[in-house]
Every structure is written in C-alpha cells, then in structure tokens.
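Consider the single chain below, provided in structure tokens and representing the form predicted on its own.
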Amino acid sequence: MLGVGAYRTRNRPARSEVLPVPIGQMTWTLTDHQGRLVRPSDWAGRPVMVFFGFTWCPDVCPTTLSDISLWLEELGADADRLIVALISVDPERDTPDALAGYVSNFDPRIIGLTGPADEVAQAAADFRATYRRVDKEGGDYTMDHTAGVFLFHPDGRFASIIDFHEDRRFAVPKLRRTLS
C-alpha cells in the first residue's frame, strides 16, 4: 500500500502548477471594453473575481454573468470593492466594441477584457484556465472553456473558485470571505 501511495503522489502535479498564479505575478496585458489597457498590476490591493468566456456563448457565459450580477446585488455596497472581469477566450470575434455591447446586459461593474491571442493565452495560463476552439459545420465555431469563477484576495492570493451553477447560498459567502 505504501508503494501505491508513493506512486500516486509522485504523479500529481505540483500545487504551484494547479493553483492560479497570484495576481501580482501575472504578466498579461489586455484591453477592456472601453479600449483601455489593463494589466494585473492595475488590480493591486483589490479583491478580484474573474470569469473566462465569450460573447457568442449560448448558455454557460450568459448564465454565469447573470449569476454574478445577482451575487453583486446581494453583496450591496461591498460589491463596489471588487474588480469583476470577463476575459474573452475568443479574441477573433470579441473586440472591445463587441464586449461593450455584451457586458452592458449585466451588472455595470463587470468589465470585458480581450486582446491578442497570445495575451489571452498568457492570462489563461496565469489563471490555470483552459479553452479551445471547436469547429462546427459550415465554417462556424464555438469555444470550450473553464466555467468556474476565480476569486482572489486583495493581496492577490488565490481565494477560491465558484463552480458553474454553484448555489447562491455558497457562492455569496465565498465572495464575502474574499472581501474580508
């Protein structure tokens, strides 16, 4: 049994390869839905909530962004302390203008971020998020992507993930712990 345990432990990725990088160590530069450059250093000292998605998403993204909007409403004035961002995994279609139209359907505190494919890839790597293009018939495509919402403490440390469809009774306390 000890041999099996040692074998299983040896083949696990290191904790630093699984958890998101602290915000202060991230290295991406993206553009927000108003055309401004955004870097992780801009978020220093603030709690952060990040979701990866795309504007052509048929279900996961609008559902999650609606949930986020409800969570922010429930937090009240405390929600103003949070930086809340949707990072697009589809920079080919999600221009700043496209993101501006999309995020306008949700809480106004949610910002949309996009950029060159290499910068989106860097952001995903820093957050340990995954995504991939899935081609469909007729030349169209969709995107598969991590559906969890990443939470970070004001000092940039990873706090938690809110899973897709996680009950509000559990999601909002996670946010409150991140804010404290």
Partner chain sequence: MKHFLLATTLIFSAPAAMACETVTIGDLTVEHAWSKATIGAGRPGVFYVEIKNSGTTDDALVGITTPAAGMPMLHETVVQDGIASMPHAMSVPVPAGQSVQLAPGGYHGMLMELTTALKEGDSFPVTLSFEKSGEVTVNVDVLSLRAEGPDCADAGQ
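Residue numbers count along the first chain shown, from 1. Source: prediction; values computed, not measured.
Just so you know, the form predicted together with the partner chain exists too; it's not on screen, but the next bit is about it.
Only one segment in the set 31 to 39, 58 to 66, 113 to 121, 151 to 159 has residues whose heavy atoms sit within 4.5 Å of the partner chain in the model of the complex; it is 58 to 66.
In the model of the complex, the partner chain sits beyond 4.5 Å of every heavy atom of R133. In the model of the complex, the partner chain lies within 4.5 Å of some heavy atom of T142. Looking at A98, you'd find a heavy atom of it within 4.5 angstroms of the partner chain in the model of the complex. The closest non-hydrogen atom of R169 lies beyond 4.5 Å of the partner chain in the model of the complex.
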